[in-house]
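So this first bit is one chain, no partners, the form predicted on its own, shown in structure tokens.
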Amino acid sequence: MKIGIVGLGRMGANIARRLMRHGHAPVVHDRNAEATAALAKDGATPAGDVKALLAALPAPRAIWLMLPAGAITGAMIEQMAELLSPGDILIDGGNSHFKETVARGRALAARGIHFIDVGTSGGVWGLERGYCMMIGGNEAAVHHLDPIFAALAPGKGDIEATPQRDGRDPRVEQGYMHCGPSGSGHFAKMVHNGIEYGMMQAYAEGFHILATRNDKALPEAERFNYDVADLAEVWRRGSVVSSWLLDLAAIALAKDGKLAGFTGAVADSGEGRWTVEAAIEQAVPAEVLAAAIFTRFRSRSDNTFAEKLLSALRFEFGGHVEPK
């Protein structure tokens, strides 16, 4: 299947490569000409601009945008809206806010253009492992793109079948799912990433407790000097807390158990915040997810104003001085 791909960063380029491995023919464009040239060497058809990309595609044209969420994606969608024809399909595979996606889907539908939102999980590992996809949009357009989604998805692999799934959508077992109308794919991916924040925070706190158990302030008989890299490795094998995130923790700790190459300042890409906002809108308690995002904010400062005030209050009421 011939498909356009705009945005050849870490995920966009590998999406194109995985599609080529499965016999598809991507036409690719990136504002960085070197990124476009690199994919051309791998066998993709290069396009110097968006108009050239669209001219190289058969009707109905399908274009996958893999761009940073926000203004960049919005500007490209507006540009595409002026160039596409009724029946064409525009895909946003990035992490756009679902409310923006709902509005964009409505506006493009008025022009007869199908807008598909694909929450895409897999990161830099997706080329080899495949991508888990949560898809929103028109059922007929999603069905038309099924060969693309099937190629990008991980497939069943060696994961055991879940009991009592008879009669359910078989695509889910392959690693992709049509969630509903425009916006539903991005909403599902948003919550997925919010859960990821909480899981990462749980691992981080647990390993922190383990790594500091040999502290001299503790009774000597209760100090334990753990090799946290080995603990991560043993937990990967049969433990109830095993997961791909734990696999990644084991890789990082095997490289350097002290994690000396990291400052500890943790960024957030938006989905964690948006998940907490959705929880507030729906009056759903989400204490773990909220704590995880606030901890990321905290990580970017050595000492916050709040902590300075806490220290000042301790001094004022009790004469407590800060440790040297």
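Numbering starts at 1 and runs along the sequence shown. For clarity, a rigid core is taken as the largest C-alpha set superposing within 1.5 Å between two forms. Source: prediction; values computed, not measured.
The next section is about a form of this same protein that is not shown, the form predicted together with another copy of the chain.
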property: Stretch in contact, per heavy atom within 4.5 angstroms of another copy of the chain in the predicted bound form, of 140-148, 204-212, 107-115, 83-91; result: 204-212
property: Single option in L67, V27, L39, I293 placed near another copy of the chain in the predicted bound form, where near means a heavy atom within 4.5 Å; result: I293
property: Non-hydrogen atom contact S184 with another copy of the chain in the predicted bound form at 4.5 angstroms; result: yes
property: Heavy atom of V241 within 4.5 Å of another copy of the chain in the predicted bound form; result: yes
property: Another copy of the chain contact at E128 in the predicted bound form, heavy atom, 4.5 Å; result: no
property: Contact label in the predicted bound form: N32 to another copy of the chain, heavy atom within 4.5 Å; result: no
property: Residues in 231-266 with any heavy atom within 4.5 Å of another copy of the chain in the predicted bound form; result: L231, E233, V234, W235, R236, R237, G238, S239, V240, V241, S242, S243, W244, L245, L248, A249, A250, I251, A252, L253, A254, K255, G257, K258, L259, F262, T263, G264, A265, V266
property: Rigid core fit then R300 CA moved by 2 Å or more between this form and the one not shown; result: no
property: Core-aligned C-alpha movement of H22 between this form and the one not shown reaching 2 Å; result: no
property: Residue shift check between this form and the one not shown, rigid core fit, R314 Cα at least 2 Å; result: yes
